[in-house]
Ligand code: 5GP
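The form predicted alone is given below as one chain in structure tokens.
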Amino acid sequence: MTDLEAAAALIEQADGIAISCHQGPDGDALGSALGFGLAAKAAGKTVTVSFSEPFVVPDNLRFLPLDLLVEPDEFPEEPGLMVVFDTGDRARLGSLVSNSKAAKHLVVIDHHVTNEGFGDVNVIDGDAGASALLTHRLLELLGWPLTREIATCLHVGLVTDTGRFQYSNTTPELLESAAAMIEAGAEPAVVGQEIYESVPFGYLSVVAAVTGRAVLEPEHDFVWSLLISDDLEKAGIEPSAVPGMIDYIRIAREAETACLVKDLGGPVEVSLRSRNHVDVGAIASSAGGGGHARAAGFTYPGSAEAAVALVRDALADG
């Protein structure tokens, strides 16, 4: 029995399913969790979906069907079956770590190459371009049909984790999955506008601030910048309104590696991207984070400058 078959068997036997994803969810995490949740509910399961604090849905994902979402303190304390999506390690479940440890059965559906598996059943495929692709495989194996809402959720995961199908993780299978979502009712024009073309006006001033302080270090083929609390305060917007900021840094052609450090009052958050040969997943993993070879991240307990220095030193040593 494959891991996917073992996951399907547990899901088929369960009456209720508690579903989660990593804290601070992106399109793939939330899209996969919600898409699976909708399918499970349609199959007659009792479904609960949540993620850890800060319990805030990013602005550009609020068009998704959110009716299944509950606050994390309403999540079952001891789930009979808990299914976790797009979560590279247990710590990224935040306040729901204890729930995952108390679950009778824990299924992990993920595509991070750094995921060593923390579930009873681990469906992990580092070659899959998105966890939404693994979710689609699971739904097909279960024989659960796609509705327009399910397809929209999964399409968001496919689109966002492949950079609108332009990253190297875009495969024929993934494009076939996207086609199936469109056939089931997902509308690429709607998804594209909501995800990439609908921001508050203040977002523009944040982009200006972040790109304006970008630093290029040619000796390391490295570009980096900071996002600070003052940027958001001046713009009058919340952190949830500024997804994808690193994409404005990573486009500098002189740099192989890009880094954006968010210094917003707590532990700094570091996002990493690379073009061709630097394994930023390995850099992030060495700092206690994780991700993929070309896209990864970690949190850092020190200063923003020290976080940048850590990445710079890793590039110099590599």
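Numbering starts at 1 and runs along the sequence shown. Remember, it's a predicted structure, so these values are computed and weren't measured experimentally.
Note that the form predicted together with guanosine-5'-monophosphate isn't included here; everything after this is about it.
- Looking at 86-94, 220-228, 185-193, 145-153, the stretch with residues near guanosine-5'-monophosphate in the predicted bound form, meaning non-hydrogen atoms within 4.5 angstroms, turns out to be 86-94.
- The single contact residue among 52, 274, 271, 60, judged by any heavy atom lying within 4.5 Å of guanosine-5'-monophosphate in the predicted bound form, is 271.
- Between guanosine-5'-monophosphate and the residues 18, 21, 296, 307, the one pair within 4.5 Å by heavy atoms in the predicted bound form involves 296.
- In the predicted bound form, guanosine-5'-monophosphate sits beyond 4.5 Å of every heavy atom of residue 136.
- Residues of 106-136 placing a heavy atom within 4.5 Å of guanosine-5'-monophosphate in the predicted bound form: 112 alone.
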